[in-house]
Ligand SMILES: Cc1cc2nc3c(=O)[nH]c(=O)nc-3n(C[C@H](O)[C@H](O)[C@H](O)COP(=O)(O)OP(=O)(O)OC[C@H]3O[C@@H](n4cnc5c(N)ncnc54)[C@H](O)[C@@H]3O)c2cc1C
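Given as structure tokens, the chain that follows is alone and in the form predicted on its own.
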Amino acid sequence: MDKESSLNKSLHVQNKLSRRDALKLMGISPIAATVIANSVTPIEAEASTNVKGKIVILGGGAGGIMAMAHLRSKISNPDITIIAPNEIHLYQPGQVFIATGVYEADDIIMNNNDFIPDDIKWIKDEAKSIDADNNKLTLRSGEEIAYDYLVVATGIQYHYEWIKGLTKEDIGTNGLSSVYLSDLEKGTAQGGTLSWKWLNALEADVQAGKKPRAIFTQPSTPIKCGGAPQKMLYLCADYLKERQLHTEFIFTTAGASLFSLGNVTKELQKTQNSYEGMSTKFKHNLIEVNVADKKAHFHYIYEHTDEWGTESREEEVILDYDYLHIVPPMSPVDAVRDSTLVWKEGRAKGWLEVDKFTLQHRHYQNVFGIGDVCGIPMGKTGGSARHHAPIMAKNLISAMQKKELKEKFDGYTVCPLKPRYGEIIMAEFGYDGPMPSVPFWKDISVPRASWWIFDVYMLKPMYQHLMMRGLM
């Protein structure tokens, strides 16, 4: 049995475990035990607060559900409405594992009915507009919803159409894939399944003696899980390497480095050097795709400094490809982006304008943010949303009590980079630098097999049975 089949079989058994057995399994892992010990919120020990006010949570992804769970546990007789059209809930980190043969598609599909209790009013719609000056929002249906307090948890939307010549429907055709693609209404993890087919087609071409060029892109906008483009790059390369196959892999990124932390960057460069035929083109932003002719157009910014000064120029670079993995530009949903709630300028322009510590809006004191939508220096990961939730909930309750907001978000984010099958660089850091969950593993740049086991087998049941229920 090959590596992927073995992983799939083991995971299939894990998915059939009961909640109790899943928690027992987590308990035998010292890593899981350490993470849980540092993360669990002792809800039973907290006295419920008797505050009054209508709380509306906008969004039913990880951030919205965790916000709801924490607020519900901390308020006596809460008046909470959640606005979210999706009954299907995807465990989104699993898309990369589907795309590389570790998970199957139905392994990451959950149901919001399992997370939203009967005492929470659930409106299965989404916001068309937000009128923060008058404490109300308008739904797609035309219904107006008033609120006393608003939690914005709308996440991110993908913009394949911002790339000239490309539509979302092109993904899965003509050598194109994107691990981010999903359809919550149909309950499908298209990104993972299409990318798995894409990887198998790439393998077949190499097996046939061809030398295809595979390009992996990363856009200029903030994205959900900033490490995902490189996760796909390295796992696809390792998938071929394990079969003693090689081809040309090019990583194109609008950024100027592989990662924001120097020691992690050095490890990722070592990873790239370990794969034959792999290279990176920095400051290359995908702006156009000629789907029929398989040509990718990039906006390239060239800068060079020497003793004569700095030379800077911009140009369009066209690269031929056989296989192209696209990470689309991303933004907040239109209702947020078109509202008065967003930053009007600066690096966070268009994103929710909240204080980076308290997660309270900087101008509307009855508005709070959680998750990817927040225009703060770090935090577009599920791990960040988990840390946002208890802080946001306690600060919102303090605002309801007209008290000082004492809880502070430390910038925690996490990027489980996958340099190869069986190892993960668990890059955990915050505003002030590295923040390892396992204290004796201070160097967050070291690839570890234990983190792979944790990520593949432990994290999803923790997400489902603890995080989404406000228990950590």
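Predicted, not measured: the structure shown is a model, and the values here were computed from it. The first residue of the sequence shown is number 1, and the count goes up from there.
One more form of this protein, predicted together with the ligand, exists but is not displayed; see below.
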Legend entry - Contact check for 62, 158 and 382 against the ligand in the model of the complex, heavy atom at 4.5 Å: yes
Legend entry - in the model of the complex, segment of 92-100, 288-296, 247-255, 142-150 with a heavy atom within 4.5 Å of the ligand: 92-100
Inset, instruction - Report yes if any heavy atom of residue 416 sits within 4.5 Å of a heavy atom of the ligand in the model of the complex; otherwise report no. - result: yes
Legend entry - Contact flag, residue 86 vs the ligand in the model of the complex, heavy atom cut 4.5 Å: yes
Legend entry - 4.5 Å heavy atom contact, residue 68 and the ligand in the model of the complex: no
Legend entry - Heavy atom of residue 387 within 4.5 Å of the ligand in the model of the complex: no
Legend entry - Heavy atom within 4.5 Å of the ligand in the model of the complex - the one residue of 352, 214, 392, 179 that qualifies: 179
Legend entry - Heavy atom within 4.5 Å of the ligand in the model of the complex - the one residue of 75, 163, 333, 301 that qualifies: 333
Legend entry - Members of 212-232 lying within 4.5 angstroms of the ligand, judged by heavy atom, in the model of the complex: 224, 225, 228, 231
